[in-house]
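Only one chain comes next, encoded as structure tokens, the form predicted on its own.
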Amino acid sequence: MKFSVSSSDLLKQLQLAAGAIGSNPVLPILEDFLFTVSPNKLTIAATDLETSITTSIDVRSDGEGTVAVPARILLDTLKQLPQQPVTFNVNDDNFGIEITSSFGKYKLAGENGADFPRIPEPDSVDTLTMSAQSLSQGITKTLFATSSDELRPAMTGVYFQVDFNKITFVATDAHKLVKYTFSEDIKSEVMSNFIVPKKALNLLKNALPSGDDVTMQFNKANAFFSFGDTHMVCRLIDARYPDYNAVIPTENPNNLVVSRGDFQSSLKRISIYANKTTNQVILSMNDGSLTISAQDLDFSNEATEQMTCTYEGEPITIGFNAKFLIEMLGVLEGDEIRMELSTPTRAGIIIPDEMPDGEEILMLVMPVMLSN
């Protein structure tokens, strides 16, 4: 079989699919792309057995069939070619591939496409449609809070809670927690929940188009995401998600309202002086003023800053990991944030002072015990 295609268009699709190729695959064929040629269409697939991406592109073809093409050498070749038509000629007997460009010929050894692992197809699935922008936002606002602890697999992904026309994304690593709820433009007739792994969500976030809708289908084992000519499948994490509502404190009599940008900048400066292992900063709040300080006794470094704020409640001094606070403030939008606290040993809640209609976000951060 034989087909011709623009080198830059092909490279773009290959780079999208390449995200699914693992760094040290269990089978040699997983280092390849699966090319499936049908009349005037090339379908490209890649998988690491957990996450698979399939995308397609229009080509001029002669004959049809499948071949597994070594990914690394093909990507490296196309990156070095200026945009131009390239022709692939595949020997159906030994799967040898010859690529012809305006500069010359390149030969590489392919493998039998029939040996490539089968990519799961949607089977007895529930379906949900939402805008790509909303899905991207849900991933961006929660992904940073997932855990890397393989001993707690549930926390290494983002928990999706689908409740008819509302979807909640939750991520936690036991030190911080983010809960983001979205209820605009969602079409669904089901209630369900599942945990999507971090790698798949990172790939999805980078691949999502800006204007389209995404169709999300899911069953007990897999989630399927479709947009444009691209389909992504990932195996869900088979674990029970912790009861996150139980850890969100409801009685928080102490309330701080402060400028998000100023607070974040101050934390970035103060954290330079914090102990490098704990990243501990101390927040002291009383009527109208917030003092942020840190010290590293090992090196005799310390810093203090004071900023104006609106504060209601008893004076309180509480320690937090500056890295977590900076990360959370970077994900939030809006000019001001509200921090709700009860005691120096209980979690603090951070919420933006204003949110667009149909969106809610709550962030929770555990305090660092103060060493007096």
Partner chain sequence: MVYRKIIHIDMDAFYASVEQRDDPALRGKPVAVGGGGRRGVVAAASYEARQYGVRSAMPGFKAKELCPHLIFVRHRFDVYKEVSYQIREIFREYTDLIEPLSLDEAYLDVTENKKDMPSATLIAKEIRERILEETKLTASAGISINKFLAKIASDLNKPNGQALIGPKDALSFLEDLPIEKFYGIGKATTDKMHRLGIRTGKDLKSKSKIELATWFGKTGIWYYHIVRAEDNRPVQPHRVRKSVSAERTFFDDINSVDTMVATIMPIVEIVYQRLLKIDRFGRTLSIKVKYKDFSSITRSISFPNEINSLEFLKAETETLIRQNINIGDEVRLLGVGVSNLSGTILAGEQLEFPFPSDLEKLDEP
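Residue numbers count along the first chain shown, from 1. None of the values given here were measured: they were computed from a predicted structure.
There is another form of the same protein, the form predicted together with its partner chain; it is not shown, and what comes next is about it.
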{"item": "Its partner chain contact at residue 198 in the predicted bound form, heavy atom, 4.5 Å", "value": "no"}
{"item": "Exercise: residue 120 in contact with its partner chain in the predicted bound form, heavy atom 4.5 Å", "value": "no"}
{"item": "Partner proximity in the predicted bound form: residue 85 to its partner chain, non-hydrogen atom cutoff 4.5 Å", "value": "no"}
{"item": "Distance check, residue 176 to its partner chain in the predicted bound form, heavy atom within 4.5 Å", "value": "yes"}
{"item": "Joint contact, 324, 345 and 370 to its partner chain in the predicted bound form, by non-hydrogen atom at 4.5 Å", "value": "yes"}
{"item": "Candidate stretches 285-293, 123-131, 232-240, 210-218, one within 4.5 Å of its partner chain in the predicted bound form by heavy atom", "value": "232-240"}
{"item": "Interface residue in the predicted bound form among 94, 148, 206, 277, criterion: non-hydrogen atom within 4.5 angstroms of its partner chain", "value": "277"}
{"item": "Single option in 184, 76, 298, 302 placed near its partner chain in the predicted bound form, where near means a heavy atom within 4.5 Å", "value": "298"}
{"item": "Residues of 137-167 having any heavy atom within 4.5 Å of its partner chain in the predicted bound form, listed in sequence order", "value": "150, 151, 152, 153, 155"}
